[in-house]
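Only one chain is given next, in structure tokens, and it is the form predicted alone.
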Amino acid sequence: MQTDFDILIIGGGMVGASLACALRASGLRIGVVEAVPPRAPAQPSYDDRSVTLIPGSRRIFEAIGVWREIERQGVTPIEHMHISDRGHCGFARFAAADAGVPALGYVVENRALGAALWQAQQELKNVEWLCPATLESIEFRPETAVVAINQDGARRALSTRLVVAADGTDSPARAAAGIETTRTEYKQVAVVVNVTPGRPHANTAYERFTAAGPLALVPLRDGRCAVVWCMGAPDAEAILKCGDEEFLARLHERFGARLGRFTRPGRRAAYPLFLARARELARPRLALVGNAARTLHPIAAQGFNLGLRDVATLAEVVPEAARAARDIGDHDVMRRYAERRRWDNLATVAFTDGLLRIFSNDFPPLVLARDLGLIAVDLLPPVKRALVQLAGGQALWQ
């Protein structure tokens, strides 16, 4: 049955655009529905935040032909990592050289990643961007899905064999399919800002666990650092309202003097933190990827990396079905995608949620156990290497 598209991706942010790139050699006709032009200042996926890519994600971007452009736009390798439990004795240090890897991770500013992905789109002959356009409805039929969009004030009905929901946490595409979600509130807010430290960051990332929530600093270009500071909502409101000098003083008090005095803070923004999970990753004619499938706490920087593994898996499963002359949106193909993503999804959600709960609990025996665990990791190189390989996705994406 002839359709307007083989695959219609709803959402052209970092995950949706990555999927379009990953499908470049598939021979399938791809449409991308996106409400905000990629280069527009209002594009939420490409704001002032940064993303930390694990080595496994670098390999995915290399495989889909985008990594070289990402490097050209600007990447900061993480060569060292320092993890500590504020007010307690536990800490652990990691070095890329000790683990035998070129970097523990790579920090890319969202705008730079967006520019790289958009540059890659210009070379895709099988991809059509429908932008600005918004989703109105989806009708799922046995052999097709009919997607109604509003583009430039006009309603269009597009037929496709597969719809991919890449439209974020509040996913209209997921809602149109009637897929329910579960949501756990962490009662925390992440305050995100870029600052300049008084001392060189030496390509070192810091994760400092505090009673109020984790505080992460990762290195950026030009000697700056990206800060993700998690705290309760009342504290976040005060942090957003205070002046730059007071903010920097509070940050220094919470982080310590390891990087000297912070200066030149950028624009502060706040995001509520929660764990959201879709009850289904796929059903006939529909696959969920990225935050449409689940939204994680930013601890350990796993969210986008997990979504990118959704992309890699879907970009394997669907072309395999197409080459076998299968219906790419049928029940068996979508079940194969969901099954291949199931354990990685469960393990990563459990890891991030468990890590947050362990380090936010002040029960004395647990505090002692976690600090002894950090010290043991710091003193045992084989354990360090194993953790670096696991956290870097070596077992997940070769």
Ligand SMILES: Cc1cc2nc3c(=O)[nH]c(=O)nc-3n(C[C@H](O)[C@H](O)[C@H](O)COP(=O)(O)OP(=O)(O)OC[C@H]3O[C@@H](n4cnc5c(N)ncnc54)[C@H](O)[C@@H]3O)c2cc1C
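One-based numbering along the sequence shown. Just so it is clear, the structure is predicted and the values come from calculations on it, not from any experiment.
Unshown form predicted together with this ligand; subsequent notes refer to it.
> Heavy atoms within 4.5 Å of this ligand in the predicted bound form: which stretch among 202-210, 246-254, 92-100, 297-305?
Correct option: 297-305.
> Does this ligand come within 4.5 Å of any heavy atom of Asn291 in the predicted bound form?
Yes, Asn291 sits close enough to this ligand in the predicted bound form that at least one of its heavy atoms falls within 4.5 Å.
> Is there any non-hydrogen atom of Ala35 lying within 4.5 Å of this ligand in the predicted bound form?
Heavy-atom contact with this ligand at 4.5 Å: present for Ala35.
> Taking the shortest heavy atom distance, is Ile64 within 4.5 Å of this ligand in the predicted bound form?
Ile64 lies outside the contact set for this ligand.
> Though only this chain appears here, would Gly168 touch this ligand in the predicted bound form if you measure heavy atom gaps against 4.5 Å?
The answer is yes: Gly168 has a heavy atom within 4.5 Å of this ligand.
> From the list Cys225, Ala120, Val228, Leu314, which entry has a heavy atom within 4.5 Å of this ligand in the predicted bound form?
Checking each option against this ligand in the predicted bound form, the one that comes within 4.5 Å is Val228.
> Between the options Gly266, Pro172, Pro284, Pro319, which residue brings a heavy atom to within 4.5 Å of this ligand in the predicted bound form?
Among Gly266, Pro172, Pro284, Pro319, a heavy atom within 4.5 Å of this ligand in the predicted bound form occurs only for Pro172.
> Does each of Arg49, Leu135 and Tyr271 have at least one heavy atom within 4.5 Å of this ligand in the predicted bound form?
Yes, all three are in contact.
> Go through 1-20 residue by residue and record those having a heavy atom within 4.5 Å of this ligand in the predicted bound form; state none if no residue qualifies.
Result: Ile10, Gly11, Gly12, Gly13, Met14, Val15, Gly16.
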